[in-house]
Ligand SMILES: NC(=O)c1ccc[n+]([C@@H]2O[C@H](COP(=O)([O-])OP(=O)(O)OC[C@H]3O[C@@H](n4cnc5c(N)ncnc54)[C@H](OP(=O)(O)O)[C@@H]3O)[C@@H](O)[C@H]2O)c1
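Below you will find one chain, with nothing else, as structure tokens; this is the form predicted alone, and questions on how it binds or moves follow later.
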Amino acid sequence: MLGQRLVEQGWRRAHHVIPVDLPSFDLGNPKEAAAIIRAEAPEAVIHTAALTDVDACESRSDEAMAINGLALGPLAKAAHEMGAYFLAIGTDYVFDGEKGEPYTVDDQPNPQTVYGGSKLLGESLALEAGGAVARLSWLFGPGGGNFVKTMAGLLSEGKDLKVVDDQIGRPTFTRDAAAAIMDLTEARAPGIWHISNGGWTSWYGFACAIAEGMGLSADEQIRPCSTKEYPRPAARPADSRLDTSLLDKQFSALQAWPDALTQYMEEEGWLVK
């Protein structure tokens, strides 16, 4: 979902982009994947691949740690050896959600899930090898499964939905994120960065905005519920908002999430004007 937008963004900026994916580029064999990086000898590597099913990671912890964590060491090292910039994509799930205000890049992570822990391990290994990290949150956009696509499908079928209202975060549109990531890459920006669209909402608020964009009555189809009423195998942070002030000051702030949502829904034909 994000990788495809990065390829588009790279081509748009007249870069020579080399997309790699399964089965040839397999994070289960990180040494072979690193060999591919060495063979291509790029100026930069943007690593978007991961095992992203948060709930599945709870029962596949060894695989999650290998794919999301340990694999990044050899990849970042290979890039560093060639003088290439390496940027790993991180997640808001490295935080526990208890701070009560947006997390800055300097805040101490405290993941509460296997997924979050595996991604934090990957971050650490990437940074140790001289790479950088860009954390994203609540990602949506064309080309993959995401909350907006799921909600739009269920709402169009006339389903009555319960959506969690006590978890808040910052939605992020893949097209906007890709542009920001490319800015970081072109500048070879070091360290950790937070990327998300402007503003914040709850999952319930997000769902209501989707319904309204479709010309539907959120009050009729969507009911708010608590996290306790909708248990999941992996705990979700109650407040995973990312502080993007570093990106906003040094590069540019992303548009507000409702505007990004409108653009995505219009692209997909879900928007009713």
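Just so we're clear, the structure is a prediction, and the values are computed from it rather than from any experiment. Sequential numbering from 1, following the sequence displayed.
Quick note: we don't show the form predicted together with the named molecule, though the next part is all about it.
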| query | finding |
| --- | --- |
| Interface membership of Leu139, the named molecule in the predicted bound form, 4.5 Å heavy atom rule | yes |
| Contact of Gly90 with the named molecule in the predicted bound form (heavy atom, 4.5 Å) | yes |
| The named molecule contact at Glu58 in the predicted bound form, heavy atom, 4.5 Å | no |
| Contact of Leu51 with the named molecule in the predicted bound form (heavy atom, 4.5 Å) | yes |
| Residue among Ile222, Ile67, Leu247, Ile37 with a heavy atom within 4.5 Å of the named molecule in the predicted bound form | Ile67 |
| Single option in Tyr85, Tyr115, Phe95, Phe173 placed near the named molecule in the predicted bound form, where near means a heavy atom within 4.5 Å | Tyr115 |
| Per-stretch contact check against the named molecule in the predicted bound form, the hit in 206-214, 23-31, 38-46, 227-235 (non-hydrogen atom, 4.5 angstroms) | 23-31 |
